[in-house]
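Take a look at this one chain, the form predicted on its own, written out in structure tokens.
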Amino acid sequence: MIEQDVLQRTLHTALRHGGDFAEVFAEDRTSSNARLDDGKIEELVSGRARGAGVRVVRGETTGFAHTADLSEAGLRSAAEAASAAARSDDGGAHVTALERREVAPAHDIRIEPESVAKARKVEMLQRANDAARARGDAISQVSVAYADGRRRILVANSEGLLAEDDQVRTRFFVQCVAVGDTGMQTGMEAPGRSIGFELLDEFEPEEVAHIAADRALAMLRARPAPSGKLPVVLRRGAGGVLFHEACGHGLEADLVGRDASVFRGQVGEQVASPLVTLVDDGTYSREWGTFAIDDEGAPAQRNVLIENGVLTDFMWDYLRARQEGRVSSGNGRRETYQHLPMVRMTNTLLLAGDDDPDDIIGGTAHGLYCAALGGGQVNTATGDFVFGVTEAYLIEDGVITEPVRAAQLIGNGPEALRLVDAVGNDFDTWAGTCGKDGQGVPVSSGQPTLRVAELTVGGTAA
């Protein structure tokens, strides 16, 4: 995107008035989106955005400016603005000669999304729409969406780093509304991976549509969820978002540093059941949060956060790691070139154990089986959370029986980790967008089938 000598001069300009560190982050992003509602194509768009952000750090002060102009003049203006914001009296800071780091792709892309005709993408939407409606007359509304994106990034800094990455992501989304005696119920399925159009070979439109439609139909016959403290079994993949939100954010070093994490000061202590090992892995398979380098140029890594219940480390970006005299864990991420990086999760995974999932259910006399979770709220300083449940069933005498609706899970993240008493030998993931301080980035979370011995279930049953 930018010639090496231009980057070198831009970094010199950024540090002309002093500073400890300077960085150029450039991005070239393309996207394609298609959406079908009630049998009609409502959206078929593509877009492109290019630009660069320049960051200058001096002590605790950060100057930042961004520009959509990638010419040398545009970069120089951004560098001067960032330099002025972090200005000091001692100019002449040293810039190390840039040395390009070879970055291996996280994985191969088999079918480049931009090579696929829009007509074929529309065909996938129509196939899913037809398949969902074929599940029954109760399906009254179907919304189908397809999205792909390609993000090329370049990172250069005053310590001599020069690295680039090429990230491709593709996602398919189906949401169905079913109408019956209990009113309207919805079901959704939305697989996404850091791969190309081959996603639709692995997750065929009809299969995704059937899952979404069947979820909506199942909820039509659901009775109100019970209330009270119950054992909760989380289906593989379904509970990943709970641990991402209720525990993962509290393991980000910036929140720890601001005393906004319940895990502050607990490294080396038992914070979870010995059955729990939690990792954040930016290299994992082809998941939604996978990449080769983070948005500060650090290689993606597999970071063990909790091992056999013991808190071992936090996630780090460049600035927080530098303050502690250590290296980044590859968790410096930003939404676009217009944003500063911060500590963010990638693929946050509670690892599989030894228990048979059927035995976990069979060993639960009375409880709740959660197959899909919705949105929620978390207080990272205390760990307290509330999550909606979009698909759930009763467990009675060790058997999954009736579906229930309008359930909420209420609890505390660290306490839920300590109460995990069974961890399955299966595993699945969930793909989504994580929001923090106004920025959203793609992430994945995952876990095996597991049981929390007790959580408060907020239901509407009398």
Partner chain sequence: MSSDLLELASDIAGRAAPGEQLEAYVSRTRETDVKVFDHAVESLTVAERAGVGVRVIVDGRQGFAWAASLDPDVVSAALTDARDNAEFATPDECQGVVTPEEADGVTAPVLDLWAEDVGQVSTDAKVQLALEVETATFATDPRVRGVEQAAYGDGMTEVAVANSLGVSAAVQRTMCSCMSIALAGEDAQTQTGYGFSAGRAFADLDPAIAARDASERATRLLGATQPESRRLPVVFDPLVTRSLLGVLGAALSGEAILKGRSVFVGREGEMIAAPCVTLDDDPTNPEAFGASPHDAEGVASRVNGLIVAGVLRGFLHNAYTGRRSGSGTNGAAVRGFASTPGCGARALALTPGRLSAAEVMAAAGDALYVQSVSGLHSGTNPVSGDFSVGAEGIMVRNGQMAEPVREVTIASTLPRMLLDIAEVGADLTWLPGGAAGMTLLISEMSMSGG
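Residue numbers count along the first chain shown, from 1. Quick caveat: nothing in here was measured; it's all calculated off a predicted structure. Each form is matched to the other, and the largest set of C-alpha atoms that superpose within 1.5 Å is called the rigid core.
What comes next is about the form predicted in complex with its partner chain, which does not appear here.
J.: Candidate spot Gly257, Ala381 and Glu415, all three in 4.5 Å heavy atom range of its partner chain in the model of the complex?
T.: Judged in the model of the complex, Gly257, Ala381 and Glu415 all sit within 4.5 Å of its partner chain.
J.: May I ask you to check whether Phe64 falls inside a 4.5 Å heavy atom distance of its partner chain in the model of the complex?
T.: So Phe64 counts as contacting its partner chain.
J.: Can you work out whether Ala49 and its partner chain are in contact in the model of the complex, taking contact to mean some heavy atom pair no more than 4.5 Å apart?
T.: Heavy-atom contact with its partner chain at 4.5 Å: present for Ala49.
J.: Could you tell me if Gly325 has a non-hydrogen atom within 4.5 Å of its partner chain in the model of the complex?
T.: The answer is no: Gly325 has no heavy atom within 4.5 Å of its partner chain.
J.: Is there any non-hydrogen atom of Asn425 lying within 4.5 Å of its partner chain in the model of the complex?
T.: Close contact is absent here: in the model of the complex, Asn425 is far from its partner chain, nothing within 4.5 Å, heavy atoms only.
J.: Among 157-165, 138-146, 287-295, 364-372, mark the stretch whose residues have heavy atoms within 4.5 Å of its partner chain in the model of the complex.
T.: Looking at the partner contacts, the answer comes out as 138-146.
J.: Taking its partner chain in the model of the complex as the reference, which of Val420, Ile395, Ala407, Cys434 has a non-hydrogen atom within 4.5 Å?
T.: It is Ala407.
J.: To verify the annotation, which of these, Asn308, Thr96, Thr312, Gln377, has a non-hydrogen atom within 4.5 Å of its partner chain in the model of the complex?
T.: Of the candidates Asn308, Thr96, Thr312, Gln377, Gln377 is the one lying within 4.5 Å of its partner chain in the model of the complex.
J.: So which bits of 210-236 sit within 4.5 Å of its partner chain in the model of the complex, heavy atoms only?
T.: Counting only heavy atoms within 4.5 Å of its partner chain in the model of the complex, the contacting residues of 210-236 are Ser227, Gly228, Lys229.
J.: Determine, after fitting the two forms on their core, whether Gly375 shows a C-alpha shift of 2 Å or more between the shown form and the other one.
T.: Comparing the forms between the shown form and the other one, which are aligned on their rigid core, Gly375 does shift its C-alpha by 2 Å or more.
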